[in-house]
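Heads up, the chain below is alone and in the form predicted alone; it's given as structure tokens.
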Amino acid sequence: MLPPRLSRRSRRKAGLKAVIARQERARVKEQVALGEIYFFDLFKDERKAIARMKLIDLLQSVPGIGQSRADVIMERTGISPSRRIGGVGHRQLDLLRQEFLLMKNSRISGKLLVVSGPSGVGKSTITNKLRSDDRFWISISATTRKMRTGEVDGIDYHFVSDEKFEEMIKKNEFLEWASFAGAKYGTPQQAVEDALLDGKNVILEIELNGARQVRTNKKSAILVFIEPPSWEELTSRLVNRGTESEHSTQARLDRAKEELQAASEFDHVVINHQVEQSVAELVSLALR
């Protein structure tokens, strides 16, 4: 027997309800990701839209879990990937709580993403978008470069003297370090290790030589190369930036030609057509 045909008005009303339900579920996932709602409180939520949300979708919203860890939790608890929030029983909730406790006690390490690419490609703009995301920690490099207008010590870079930088090299305090455009840049190692052990996904925004060092020192690192939409676009960005002399800008352009040829050494290439899309690609790499 065929189901009754709905009127145009009924179909429109049903479609509107579905849209509202999807929006409600999206808001809840965002609140979980931001820590505004406790994951286990949602199993007592009486809203139909939340009860029909898939458990695995909600799990992926929890800071520090993501897709791969959500899959592991579902497998270890024996809960079906199709299980919805409203269908999770008391025994399954107990198993989930045990998994969360194990995750907290084992201090699951985050992922290390190395972001590199030529000057002017937009690396800083992309990584700065993730500073407010609790799932990520942006490493702050030390540099001997002079501070630019608008930069803040300890936020943009740790600005140090040549003597201090050399002392840090001797003490083996850098995960990597390199010279570029007349200055030295380095990643303090201890801060990176602490963030990873705390379950944060760490972003290193560094130059090509530094990225190569990390590849040698940290086999688990994910190397991401940021490319410009075109050479003309990159040239325009560097020239119009107006923060350096003509000689320094030309040196960066010459260096950029060499760096672009190294893209094949990286695990992933992101073409920075649009900042928000590039940010989304980075997030996807960290949470998959």
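Everything numeric in this text was worked out from a predicted model, so none of it was measured. Residue indices: 1-based, along the sequence shown.
Missing here is the form predicted in complex with guanosine-5'-monophosphate (5GP); even so, the following discussion is about that form.
With the partner omitted here, the residue from R91, R131, R148, K171 that has a non-hydrogen atom within 4.5 angstroms of guanosine-5'-monophosphate (5GP) in the predicted bound form is R148. Proximity to guanosine-5'-monophosphate (5GP) in the predicted bound form, defined as a heavy atom within 4.5 Å, singles out one entry of R69, R241, R47, R27, which is R241. The shortest heavy atom separation between E99 and guanosine-5'-monophosphate (5GP) in the predicted bound form exceeds 4.5 Å. Contact check for T187: a heavy atom falls within 4.5 Å of guanosine-5'-monophosphate (5GP) in the predicted bound form.
Although the partner is absent here, I73 is not a contact residue: none of its heavy atoms lies within 4.5 angstroms of guanosine-5'-monophosphate (5GP) in the predicted bound form.
guanosine-5'-monophosphate (5GP) is not shown here, but in the predicted bound form it comes within 4.5 Å of a heavy atom of S141. Stretch-level contact analysis of 91-99, 176-184, 73-81, 193-201 against guanosine-5'-monophosphate (5GP) in the predicted bound form, using heavy atoms and a 4.5 Å limit, identifies 176-184. Of all the residues from 182-214, those having a non-hydrogen atom no more than 4.5 Å from guanosine-5'-monophosphate (5GP) in the predicted bound form are Y185, G186, T187, E205, I206, E207, G210.
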